[in-house]
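Presented as structure tokens, the chain that follows is alone, the form predicted on its own.
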């Protein structure tokens, strides 16, 4: 294992920001894995730390394929992480909306530039991403359909679902999109929790990445086969929104199948406790996202369902 500083940033008020990369194997740039890019992505950093420990053992056992290099970056934005902020602490900007970066630009643009220079040239790229919505969701892998990669590769993770989505204009400044433009086969892996650690979903995505390495002949890892992945287009999912504001209670677990008309959740009046809205499934399908906060506003996405 080689631990190196990929990018450094001096600060007049705090210690220097050093972004570390852990490199295993040698030769062709094969796989890069990026963990926490935002300050609340504790679960994403945790999964990366487990992969670093596992790759130490794998390398020591001589089970990384010849002419294959693996790099893992557990955390980029620990400046924000250690004060509990999601975005860059100084100006509240998002590093993952600054790619490919600019070395003469704003702070987060310079961080994105320094990071991206080290990530270019890898055959495969995996980012442990987090949802912009607070809630629970099934671990899954997602591919941004830019036309530069093969959706069938998502099956090598062995997760239950692989979701293909069309990029929107604001996606063009994300790591995943720019990785693909620079000819890296890039995937986003979602591990349910963000600012807490969920061991079950951490296990699921940890083994999914090891499974990908094994199926791509990158590293000989011991791992179970996993699911036969269903590849679906994001247009095949349906969002369910709340009709009222109040106290939200879910009545269904993620991963469960709901029939049309089934009750998914309830909203009660915060003052008198009366049920003011029953959230029913408009279609039949698998619930893969549920809103998590106890308080909910009107027209908030509270469930996402995969049709079928």
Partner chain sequence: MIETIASAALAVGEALNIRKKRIKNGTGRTRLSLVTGTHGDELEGQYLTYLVGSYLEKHIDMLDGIIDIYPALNPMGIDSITRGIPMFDLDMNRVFPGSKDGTMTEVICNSIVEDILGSDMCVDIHSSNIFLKEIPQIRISVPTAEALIPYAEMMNVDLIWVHESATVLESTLAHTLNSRGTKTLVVEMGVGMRITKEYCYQLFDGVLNLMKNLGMWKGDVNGIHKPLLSVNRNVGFVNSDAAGIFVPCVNFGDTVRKGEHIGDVVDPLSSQIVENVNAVSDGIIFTLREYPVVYGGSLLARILETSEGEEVL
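Numbering follows the first chain given and starts at 1. Note that the structure is a prediction, hence the values are computed from the model and not measured.
One more form of this protein exists, namely the form predicted together with its partner chain; it is left out here, but the text below deals with it.
For a residue to qualify, one of its non-hydrogen atoms must sit within 4.5 Å of its partner chain in the model of the complex; none of 228, 250 and 257 qualifies. Distance criterion of 4.5 Å from any heavy atom to its partner chain in the model of the complex singles out 107 from the list 215, 107, 118, 151. Shown without its partner, this chain lists 27, 270, 261, 62 as candidates; in the model of the complex, only 270 has a non-hydrogen atom within 4.5 angstroms of its partner chain. In the model of the complex, residue 90 approaches its partner chain with a heavy atom inside 4.5 Å. Contact check for residue 146: every heavy atom lies farther than 4.5 Å from its partner chain in the model of the complex. For residue 241, a non-hydrogen atom is located within 4.5 Å of its partner chain in the model of the complex, even though that partner is not displayed. Proximity of residue 6 to its partner chain in the model of the complex falls outside the 4.5 Å heavy atom cutoff. Segments offered: 137 to 145, 119 to 127, 165 to 173, 230 to 238. Contacting its partner chain in the model of the complex at heavy atom distances within 4.5 Å is 165 to 173. Of all the residues from 284 to 308, those having a non-hydrogen atom no more than 4.5 Å from its partner chain in the model of the complex are 295, 296, 297, 298, 299, 301.
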